[in-house]
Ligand code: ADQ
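Next comes just one chain, in structure tokens: the form predicted alone.
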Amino acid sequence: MRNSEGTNPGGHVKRLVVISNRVADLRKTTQTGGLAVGLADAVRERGGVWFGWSGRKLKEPGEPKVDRIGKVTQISLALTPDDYAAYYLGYANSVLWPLFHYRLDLVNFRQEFLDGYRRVNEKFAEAVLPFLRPDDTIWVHDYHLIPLAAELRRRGCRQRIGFFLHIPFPPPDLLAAAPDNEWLVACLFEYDLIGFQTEADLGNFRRYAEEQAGATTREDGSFKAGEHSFRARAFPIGIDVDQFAEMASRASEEVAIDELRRKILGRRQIIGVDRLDYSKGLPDRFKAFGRLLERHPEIHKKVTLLQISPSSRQEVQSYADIKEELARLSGAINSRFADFNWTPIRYIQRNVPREKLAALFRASQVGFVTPLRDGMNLVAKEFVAAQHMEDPGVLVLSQFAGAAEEMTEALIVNPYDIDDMAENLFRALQMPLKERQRRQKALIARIRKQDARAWLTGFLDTLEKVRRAE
């Protein structure tokens, strides 16, 4: 495998190796999920290696599959059905996901889940090892692969290895509820740089590291834990603002016709776009919209909620439960308020191409983004990027989304408070043009400053400056 990607200032060829649970299909222009959207364009431009699970489940996974796509060497590994069940459905999504999203009530810890999680991380390390070069910079992504650096170190890797957590990091008292929490954090100490979405997540990690794991913070901001020296910082992920705005300006014919129809009827649109997940606060969002209609009958037939929520992780019972609840809620609200020519909630349960989403955001007057807990939430930034300055929409944003730390000009709401959300929806729908423009101007400036490139270069520049303690 020839190394032709990335050079340092001295001209020496240096590669970036990205390792994540799933390998994004870099042949597609449309990606879903914070990791893929934030990283796919950047790795195409910079070049390097992307390694991860292929998405396939095989009794005999065989050797990794190697593909060359532009400047990227894509290496994918299949999993056995048992590994998929224990590592992915089990430990990653029945333990870490609810735990890191503050939902201890949904944590389902089993020893076989932890065993599978460790086993797959070992397999990842073994599989990627032959493809690594001594001067590679390795960037590991998300909660599925927390132990990967430790496994690589055990196999002699001395390269710089960075880790970025795309989901929240819980407070120490919640993390302590995991039977293996000390081991998890010790695995994080094997990285040279740990990246978080927000200062709040960084603060939670620092408190655990110092109070529970005996780490100390040096004057330069680095951490020392036993023989490990590492850095941890917040690097809020962003989007390519100009690219998304350009997509939003190219409305498809069906989006344009739908927008024209609503203008003729004097109707406005509230839009929500979320993967179907209990962390997104979707039932309370539907209830808030129902409360809006209940409290303000004067807006009946003048507003609709378009909610797009493709299904995910359907093998996990809690996801099946929320799917049923949303179907029941949308049906109840529509049956109560709908008329022959007006359906209050339009609920779409499939993926919509990103280009069409951009146009739908621009055609909507309110972006409704109300997760109960979220690492960042790029939908909030995409909605702002899609707006036209002459007549921008209003973002209604949960205080518990990572994006709320930056996007303070949005209407910030408590996603657990139905009345608060309903009244802020009404406020958004009634907001004067000048106030909407003022808020939009501030928000677009902020997401431009902290865009996808700033996230990428900020993390990698910091990782390159880290001196490994040998």
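All figures in this text were calculated on a predicted structure; none of them were measured in a lab. A residue's number is simply how far along the shown sequence it sits, counting from 1.
Keep in mind the form predicted together with the ligand is missing from the figure; the text below concerns it.
Contact annotation: residue 206 falls outside 4.5 Å of the ligand in the model of the complex, judged by heavy atom distances.
The ligand is not shown here, and in the model of the complex it never comes within 4.5 Å of any heavy atom of residue 99. The closest heavy atom approach of residue 377 to the ligand in the model of the complex falls within 4.5 Å. The ligand in the model of the complex is not approached by residue 149, whose heavy atoms all lie more than 4.5 angstroms from it.
From the list 350-358, 285-293, 112-120, 317-325, the contact stretch for the ligand in the model of the complex under a 4.5 Å heavy atom rule is 350-358. Heavy atoms of every residue among 237, 273 and 310 are located within 4.5 Å of the ligand in the model of the complex. Though the ligand is absent from this view, in the model of the complex it lies within 4.5 Å of a heavy atom of just one residue from 231, 166, 160, 262, which is 166.
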